[in-house]
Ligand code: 9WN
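Presented below, as structure tokens, is a lone chain in the form predicted alone.
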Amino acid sequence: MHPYPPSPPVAVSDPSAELWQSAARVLDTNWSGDHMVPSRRLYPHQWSWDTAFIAVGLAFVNPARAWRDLRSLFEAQWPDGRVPHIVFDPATAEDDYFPGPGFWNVPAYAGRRARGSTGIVQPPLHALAAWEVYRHAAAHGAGGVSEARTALAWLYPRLVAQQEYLTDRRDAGGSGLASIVHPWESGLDNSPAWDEALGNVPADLALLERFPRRDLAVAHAAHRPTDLDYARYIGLVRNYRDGGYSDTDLTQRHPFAVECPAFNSILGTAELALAQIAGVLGLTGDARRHRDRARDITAAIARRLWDPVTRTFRARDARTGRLSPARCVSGLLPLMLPDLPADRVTAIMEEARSERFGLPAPSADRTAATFDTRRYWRGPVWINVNWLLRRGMLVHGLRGEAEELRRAMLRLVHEHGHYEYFHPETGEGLGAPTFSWTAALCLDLLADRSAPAYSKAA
């Protein structure tokens, strides 16, 4: 029995009820015993930030699974605090996904078997997810609150360790921001934001002969990163792996270290969520420290990643100090931070409404020469980043804009299906069908229109 039933918060005759039920079916289909997969064919393991997005919506139809999914991920946390971007399902064959466990060759750690995960991370959205799952449990009566509080108490020190790893060991540029060591860590894999920094990474296409891609067997090549991208991705994994997954002297010995505005905005948002969690657990001093850290991260983003000429947030190469020339959706996500200066909030909203983006926002500048309507993060619309953008609107009291975006996202999925991403002009579904985070976030968009606790008044 679920603590509350998986029924839509709308009338049965409402088209939203159909969307709710189809989303719940996707999540039921993609459940794999103790974790959720993003999709059955293309992504057969557990992904880190997918788990966080999925938990937010899964809480409405099966909160026990939402907690189990988060716990399953954090059971694979490394002793240094990093949460791996993939936890491998031992029941899935090595050849079913590349790069698989053998390629990453992660040693045994903390009681975990060898080759059980990757060695890189993804955006730390999990504290926000844990808070949202708890909040929804609390809103549905006392029945699930004690279990939810127990789950929070288990997760809290692990979430703190994740933050400490990112803010300490990954501060490659010494700026107070975390650096990603691979485009995959951003979640925005082949975004134009990385093009300039990736240009300094050797691309050995012979690697693809030794290590054939598996993704093209189940996805259209025109929708996926190019072979040149993949050769660089594999080379970066090998470099980081062969260095023992160490973060020492990253800017000297690793060819890719970039400060991403989206990643760091999520890092700051995680501190705000941890402040809420600490409050529930009675850790008043911790709550104050988390709020202070969120302000520090916000200040570092505003200082380090803001381009005053174009009035946009950009990724910065920690090795060269250069800001990326590309305008991408990642530059809109500092809107999530309540302490962002008002002029930066205005600039983000102007950019979001401009011909370069529009709502729902595509993954990259529509007017750029690199814009590609079908290729992964180089143009298509993704529900997850638009969900984060909408959250930022709510944080700053922009309820009208947030509602407009909410409706546009739901309309897109209702008309085209629970796809991984969508054509930015026609709305055609692209990538994997029956995609878990699209389904989960639709449930959240249908059920919850409240603003975050730390949001500003409209």
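Worth saying up front: this structure is predicted, and the values here are computed from it rather than measured. Don't overthink the numbering: it's just position in the shown sequence, from 1.
Beyond the structure shown, there is the form predicted together with the ligand, which is absent from this document and is the topic of what follows.
Engineer: Among 395-403, 41-49, 66-74, 27-35, which stretch sits within 4.5 Å of the ligand in the predicted bound form, heavy atoms only?
Structural biologist: One stretch meets the cut-off, namely 41-49.
Engineer: Which residue among Asp171, Glu147, Asp296, Asp189 has a heavy atom within 4.5 angstroms of the ligand in the predicted bound form?
Structural biologist: Of Asp171, Glu147, Asp296, Asp189, the residue with a heavy atom within 4.5 Å of the ligand in the predicted bound form is Asp189.
Engineer: Can you work out which of Phe357, Trp387, Tyr97, Trp306 has a heavy atom no more than 4.5 Å from the ligand in the predicted bound form?
Structural biologist: None of the other options qualify; the answer is Tyr97.
Engineer: Would His290 count as a contact of the ligand in the predicted bound form, using a 4.5 angstroms cut-off between non-hydrogen atoms?
Structural biologist: No, His290 stays farther than 4.5 Å from the ligand in the predicted bound form.
Engineer: Please determine whether Tyr376 contacts the ligand in the predicted bound form, using a 4.5 Å cut-off between heavy atoms.
Structural biologist: Yes, Tyr376 is a contact residue.
Engineer: At 4.5 Å between heavy atoms, is Trp184 in contact with the ligand in the predicted bound form?
Structural biologist: So Trp184 counts as contacting the ligand.
Engineer: State yes or no: in the predicted bound form, is some non-hydrogen atom of Ser324 no more than 4.5 angstroms from a non-hydrogen atom of the ligand?
Structural biologist: No, Ser324 sits far enough from the ligand in the predicted bound form that none of its heavy atoms falls within 4.5 Å.
Engineer: Within 4.5 Å of the ligand in the predicted bound form, do His85, Arg224 and Trp437 each have at least one heavy atom?
Structural biologist: Every listed residue reaches the ligand in the predicted bound form, so yes.
Engineer: So which residues in 378-408, when you check the ligand in the predicted bound form, have a heavy atom no farther than 4.5 Å from it?
Structural biologist: The stretch does not touch the partner at all.
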